[in-house]
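What follows is a single chain, given as structure tokens, in the form predicted alone.
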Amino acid sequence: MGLISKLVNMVKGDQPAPVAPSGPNIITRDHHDISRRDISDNALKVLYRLKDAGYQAFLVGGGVRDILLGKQPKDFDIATDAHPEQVHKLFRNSILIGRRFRLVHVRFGREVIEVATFRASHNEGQDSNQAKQADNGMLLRDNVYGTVDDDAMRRDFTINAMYYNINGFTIHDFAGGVEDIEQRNIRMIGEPQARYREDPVRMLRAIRFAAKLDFDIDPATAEPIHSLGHLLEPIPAARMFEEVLKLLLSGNGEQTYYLLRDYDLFKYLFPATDAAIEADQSEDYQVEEFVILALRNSDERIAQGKSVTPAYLFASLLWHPLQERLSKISKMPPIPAMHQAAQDVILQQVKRTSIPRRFSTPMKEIWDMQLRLPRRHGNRAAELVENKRFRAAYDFILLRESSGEDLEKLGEWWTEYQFASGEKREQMTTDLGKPAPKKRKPKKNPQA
């Protein structure tokens, strides 16, 4: 019998577990396989320092969930009854962050351990500096502190409401998370529609976890998503950018895309791309196929341990909106038209997701190279292959061809050119023939 099955049987009563007065199922060390060896040394330092200072401290959320699933957690988050300022005083290597949701980041080189204070429900009489909620239900500020029991009920999904306690090495399962892991089920804690209104990004999180873990979204949790996507519109563009990276650059981008489309959420992340997909009537070159191939390629690179840049992802997702904008720009040479279209498309997209300049600049350079790579005559090919964006632009050409676009075997030519000898390269450019002469504008007749 597997670890999760054992835990489920115990939770159901086959192996009775003690129940805390506040309600969690407490799974003792002899009934689970989570070991301190599974936990980051730095997370353990934070847990033990909080404990030694007299505070409660639990490993919580994805760290517990992923260890139970036999996965290596990417992050280790900690929940405590210490207030942010108290945590900050304990760790010189920490910073206080956030206003809407105040917490502490404890830095150990490149690893960051996030420490959050137990949250509680809001009451009408509370100070607006602690809690603030918009008329539509969205939480604008969430700094009402409570107990671990309160905190568990404020978590989003049951599989994220399991707490590992170093004081006794027990797991506290507050909402049936162990059973939902066994059933591979994403289930909201509380009434789903109200919880989505509190924080609409929870809809994206449901989809991200479903794609990442290959779980199903519980019907009651899934049902409101179709009609509540519009709640994502007021979310700050910077936060949406970070969510897009988590959704599409975590190695499950293709499956995440399918779910986003199924639940009518993709259009709130990339409205112009969604419109292009819906409008596409072509038989041989489908916009959606291009998007899917781009995400599939990114997933494959991540699986191989290779880097993937948001610049390439956004360049791919916005390529067809760019083409549509280009088609409406007339009386302008191709490269200036490309620059103008790129600026217009990016300005529209940043209304939904921010795109930092460190990514928008290479995006535009990848697009620009799509006009330059077909111009291979003379010394141009040798110059282009040395361009810092050549590799990304070349991959982009292959992506366009793979999705059905006819570029007259341009990708094949560049593939051969990269590995050819100097003599062969010269022959390849010679075989292209001479470029067509530029058309000269007729001279105006001098005025009499």
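Remember, predicted model here, so these are calculated numbers, not experimental data. Numbering starts at 1 and follows the sequence shown.
What follows is about the form predicted together with a small molecule, which we do not show.
Enquirer: Does any heavy atom of residue 296 come within 4.5 Å of a heavy atom of the small molecule in the model of the complex?
Expert: The answer is no: residue 296 has no heavy atom within 4.5 Å of the small molecule.
Enquirer: Please tell me whether any heavy atom belonging to residue 32 falls inside 4.5 Å of a heavy atom of the small molecule, as the geometry stands in the model of the complex.
Expert: Looking in the model of the complex, residue contacts with the small molecule do not include residue 32, since no heavy atom lies within 4.5 Å.
Enquirer: If you check in the model of the complex, is residue 62 within 4.5 Å of the small molecule, heavy atoms only?
Expert: Output for residue 62 is yes: heavy atoms within 4.5 Å of the small molecule.
Enquirer: Does residue 312 reach the small molecule in the model of the complex, with heavy atoms at most 4.5 Å apart?
Expert: No, residue 312 stays farther than 4.5 Å from the small molecule in the model of the complex.
Enquirer: Looking in the model of the complex, is the small molecule within 4.5 angstroms of a heavy atom from every one of 267, 364 and 405?
Expert: No, because 267, 364 and 405 lack any heavy atom that approaches the small molecule to within 4.5 Å in the model of the complex.
Enquirer: Please identify the residue among 223, 262, 242, 75 with any heavy atom within 4.5 Å of the small molecule in the model of the complex.
Expert: Answer to the contact question: 75.
Enquirer: With the small molecule left out of view, which of 202, 187, 325, 372 would have a heavy atom within 4.5 Å of it in the model of the complex?
Expert: Going through each option in turn, the one that passes is 202.
Enquirer: Can you pick the stretch from 350-358, 79-87, 271-279, 207-215 whose heavy atoms fall within 4.5 Å of the small molecule in the model of the complex?
Expert: Looking at the partner contacts, the answer comes out as 207-215.
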